[in-house]
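Take a look at this one chain, the form predicted alone, written out in structure tokens.
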């Protein structure tokens, strides 16, 4: 696919998409290929320091459509570091500013309920799953999936980001992120964009609070369940000195051990659900990014309008021959030839200013149109995914509670059946 069809040029190419339904009908890469990250591997950075290493992830790409010609080979595998994923993610942020870009998984451990770091095998496995999910999200998005650089990322070993580097996209992305971090003050903010941005902030805060609360509860539940192993040991030792009650005490001890052991699988399942919620916490930041991009264009438009008004006022003064400070103080006028030269130069700049303002106005209208569809697309996806994640979280708690209730019921029967 050529660069002309990449998202960076898509403001002019995808105007035909009017609704979310139109977007969902578009072809996507995931309909033609399977993408998985099959394994991770720790590699040394070439130094003698024991801890100086990094993790790489093996992307496996298989073409499922025999007639598909976009990818170079039917099967390809390639290793990528997390920083490579960051590069393609940052490129997409710059290339498609109107899209709620799928987020990467956490770079460092967030909302942990027990001590953990990025070298833990469990964390690396969860990151592997999160990176795979990122690829699937991008490959499923009609406006992102056919980007030539994303496809090169999936297939080319070394030169996939050369074009991005040569054209300064990553530097542009870095500079833009820095500029967008500064609060934008608009004269007339768009109420709808303001509402969406505030919603993104609230969603991010609510999910963060949920994950924090969950981590604290999980920490206490884990410790509590593990304490039941003490009951198991106690009843097992007790059974040794009891002749008639020995079997009942021994069985009860086993059920206490099962309560202690059951928390491991619950914790593992909860981590997967927590990662799903973290994804949408990061998605909330991406939603705000789309809004800030809109504000940036609007800020340019307001500034262009201000420049034009100032230029037109300057032109009026020049036409009267009073463009200088001394002439304004003493009322003198410039010679006709000077006045004509100044006004002609200002007329040319006014035309340029007006053309620039008209272009930015069109950009804002088009950006608003495309972003609105993208935000609706995201909201629809978010409602479905968060609903499933929250229901799954509750079902997991119910399942764990039922399992423990069953163990306590068995303990009760063991004690009741003793002679």
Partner chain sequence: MASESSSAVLDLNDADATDTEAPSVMDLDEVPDGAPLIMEHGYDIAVKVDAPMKQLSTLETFVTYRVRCVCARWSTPPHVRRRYNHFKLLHKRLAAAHPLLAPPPLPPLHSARQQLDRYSPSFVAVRCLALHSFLDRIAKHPILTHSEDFRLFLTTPDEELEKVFKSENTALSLWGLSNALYGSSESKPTNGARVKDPEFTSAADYLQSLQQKLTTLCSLTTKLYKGSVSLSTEYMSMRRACDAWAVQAGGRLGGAAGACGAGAGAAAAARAAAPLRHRAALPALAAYAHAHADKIRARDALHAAYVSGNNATDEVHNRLEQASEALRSELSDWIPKTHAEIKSLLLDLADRQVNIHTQTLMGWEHALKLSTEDPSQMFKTVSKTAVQNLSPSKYRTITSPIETENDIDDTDNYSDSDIQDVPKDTDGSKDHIQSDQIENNANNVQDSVQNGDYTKSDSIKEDSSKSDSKFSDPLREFSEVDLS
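Positions refer to the first chain, counted from 1. Quick caveat, the model's predicted, so the values are computed rather than measured.
The following text describes the form predicted together with the partner chain, which does not appear among the structures shown.
**Q** Spell it out for me: taking the partner chain in the predicted complex, does every residue among 221, 238 and 387 have a heavy atom no farther than 4.5 Å from it?
**A** Yes, the whole candidate spot contacts the partner chain.
**Q** Just checking whether residue 117 would be counted as a contact of the partner chain in the predicted complex - the rule being heavy atoms within 4.5 angstroms.
**A** Outside the cut-off, so no.
**Q** Taking heavy atoms and a 4.5 Å cut-off, does residue 379 contact the partner chain in the predicted complex?
**A** Although the partner chain is absent here, residue 379 would touch it in the predicted complex, with heavy atoms inside 4.5 Å.
**Q** Check whether residue 216 has any heavy atom within 4.5 Å of a heavy atom of the partner chain in the predicted complex, and answer yes or no.
**A** Close contact exists here: in the predicted complex, residue 216 approaches the partner chain to within 4.5 Å, heavy atoms only.
**Q** Is residue 65 close enough to the partner chain in the predicted complex to count, meaning some heavy atom within 4.5 Å?
**A** Close contact is absent here: in the predicted complex, residue 65 is far from the partner chain, nothing within 4.5 Å, heavy atoms only.
**Q** Among 151, 266, 96, 203, which has any heavy atom within 4.5 Å of the partner chain in the predicted complex?
**A** In short, 203.
**Q** Have a look at 191-199, 309-317, 124-132, 78-86 and name the one stretch with heavy atoms inside 4.5 Å of the partner chain in the predicted complex.
**A** Partner-contacting stretch among the options: 191-199.
**Q** Suppose contact means any heavy atom within 4.5 Å; which members of 75-101 contact the partner chain in the predicted complex?
**A** Heavy-atom contacts to the partner chain in the predicted complex: nothing from 75-101.
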